[in-house]
Structure formats: structure tokens, C-alpha cells
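Shown below, as C-alpha cells, is a lone chain in the form predicted on its own; questions about how it binds or moves come after it.
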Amino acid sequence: MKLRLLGVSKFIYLAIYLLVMVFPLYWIVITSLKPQKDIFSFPLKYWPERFTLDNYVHIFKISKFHIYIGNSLMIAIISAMIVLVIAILSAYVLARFKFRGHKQIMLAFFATQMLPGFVALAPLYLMMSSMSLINNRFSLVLMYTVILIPFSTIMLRGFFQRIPASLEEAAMIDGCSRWSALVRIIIPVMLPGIASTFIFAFVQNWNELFLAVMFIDNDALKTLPVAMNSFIMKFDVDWGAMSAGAVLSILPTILLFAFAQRFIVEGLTQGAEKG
């Protein structure tokens, strides 16, 4: 009886938790599909009488939303790819080799995660200005890459440490060079960790607002979070456009998670250990 009550309590707790987590997403989607007059109606309509795509059409009429999406995609993907390459190599070195300064480097990586980003804003702005990188998409790629390398390296180092060194040593005994063993043996086993790191870097870049607002002023170079921020006006908020933009902005991350889930389910690490 006690176990049954415990099971029911867990079910109720999880159901409430799921409701709290999903409701904001539901409300954004429903608001994006409501006519403008229904968005502010009272009492609130949790299910609109009529669905419309007017807010989605409106958002492309009042802004260059397709350009903002393209800018965000380009910056997020390029930066995440560069982060991934650098983090894989640095994490491999930190996981496999012991050398002087090894601990200090890890300590420095951890320390960078404790500092708020705005602390470095003034020197960063002066540096970018001196290199004529203000209002330049490359500046965002550069800053996002530098900011994400420490944490991505820490993440991947943990994945490397879970893979037995005997795996690459066996490959090297069979004639592989260290580089070849890394690329042909270790990285395929690491795919779940690599996918997780890429998703983390992509989502961080995709959602970043603070630096994008500070360093990009040209309308044609703005990213999606900056464009979304512009829907918040001084005396009003365009909730219809804001909700439609929010729905469109989460689509790439949903697709990315759906794609990467396949790698996680495959369990490549277990397969390698059995082999």
C-alpha cells in the first residue's frame, strides 16, 4: 500500500512538473496562431476560436526576419564547428598527456566560467574597434568561439577520459599513427559526446543576445535574438510577432536535438568496448 501511494505521488509530481514546463511553450505557440484581437481578450482564451498565420506573415513584412535567421544560422554553425575542432584537439591532449602546467590550464578554464561576460566588455569593444570588427559578423564568430572553447574542452575531456587508452594503443600497435588512431578510432566512439558538445555550442551561439546587441548595429547584420529584442518597444510589446518569432527561433534547435538523439541512442561507446 505504501509503495502504491509512493508511485501515485511520483506520478502526480511528474505530471505537475511536466505541465509547468510545457505550458509556456504551449502558450507561445497558441498566441502565435491567434488573431491580434484575441491575444488581448479577457477572459483569456486557452484555445482560440480561429487559427491564423497572420502573425507569421506580419513578422516577415515588418522586418527582415529571413535575413536575421540566416545570420544566426551562419554565425552559430561556423562558431560551433570551430569550437568543436579546437575543443576536440585540446581535450584529447589534456585527457591523455600529463605535462607541466596541465593543472593550471584546467584551473584557468574553470576560472573563465566563473566570470560574468560583461566584465570584459570594455576591453573587448576597444579590441574589436581597433581591428575594425564592429558591425561585422566575424566579430561574433570570433568572440563566441573564444568564449565557448574552455567549457567545450572541459566537456570533451570528460568523454575522452571514459574511453580506455588501450583502444588507441591497440590501433597504434596495428600500425596507426596517433593522429590516425584519434581520427579513425577515438572520434567515431566519441560521436555522442561530440554531438552533445556541438549542440551545446550551437544553442549558446543561437540564443546569445548581449554581445550581438553591443557589437552589431547594422540592420542587415542583426541576429535573431537582436531582432526579437526589437519587438519590445518603449510603450508596447508586439506579442503576436514576438510569439511567431519565438516559435520560428526554436525550430532549428528542436531539429538539431531530434537529429543528435540518434547518435546518443546508438551507444557507440558500448559497441567499441564489446569489440
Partner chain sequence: MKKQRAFILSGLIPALLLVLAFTYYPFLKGIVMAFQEYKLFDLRSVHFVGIDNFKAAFKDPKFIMALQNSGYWVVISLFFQFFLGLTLALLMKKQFRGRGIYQGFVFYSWALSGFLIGMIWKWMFNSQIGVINDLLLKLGIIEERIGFLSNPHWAMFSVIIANVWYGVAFFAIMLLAALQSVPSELYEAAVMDGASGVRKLWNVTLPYIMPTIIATTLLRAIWIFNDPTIIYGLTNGGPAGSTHILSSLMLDKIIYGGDYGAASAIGIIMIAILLLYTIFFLSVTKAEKAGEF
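Numbering follows the first chain given and starts at 1. Source: prediction; values computed, not measured.
This next part talks about the form predicted together with its partner chain, which is not shown.
**Study point:** Residues W47, M74 and M190 all lining its partner chain in the model of the complex, heavy atom within 4.5 Å
**Key:** Checking in the model of the complex: none of W47, M74 and M190 is within 4.5 Å of its partner chain.
**Study point:** Option touching its partner chain, based on a heavy atom within 4.5 Å in the model of the complex, out of I232, A220, L53, I62
**Key:** After the contact test, the surviving option is I232.
Exercise for review: Check each of I134, L142, A171, M81 and return the one that places a heavy atom within 4.5 angstroms of its partner chain in the model of the complex.
Suggested key: After the contact test, the surviving option is L142.
Check your understanding: Can any non-hydrogen atom of Q161 be found within 4.5 angstroms of its partner chain in the model of the complex?
Key -> Result no; Q161 lies far from its partner chain in the model of the complex.
Practice item. Verify the contact flag for A195: yes if a non-hydrogen atom of it lies within 4.5 Å of a non-hydrogen atom of its partner chain in the model of the complex, no if not. Key: Although its partner chain is absent here, A195 would stay clear of it in the model of the complex, with no heavy atoms inside 4.5 Å.
**Study point:** Contact label in the model of the complex: M242 to its partner chain, heavy atom within 4.5 Å
**Key:** Yes.
Review point. Does I216 reach its partner chain in the model of the complex, with heavy atoms at most 4.5 Å apart?
Key: Because no heavy atom of I216 falls inside 4.5 Å of its partner chain in the model of the complex, the answer is no.
Check your understanding: Of 64-91, which residues get within 4.5 Å of its partner chain in the model of the complex if you count heavy atoms?
Key -> Those in contact are I86, L89, S90.
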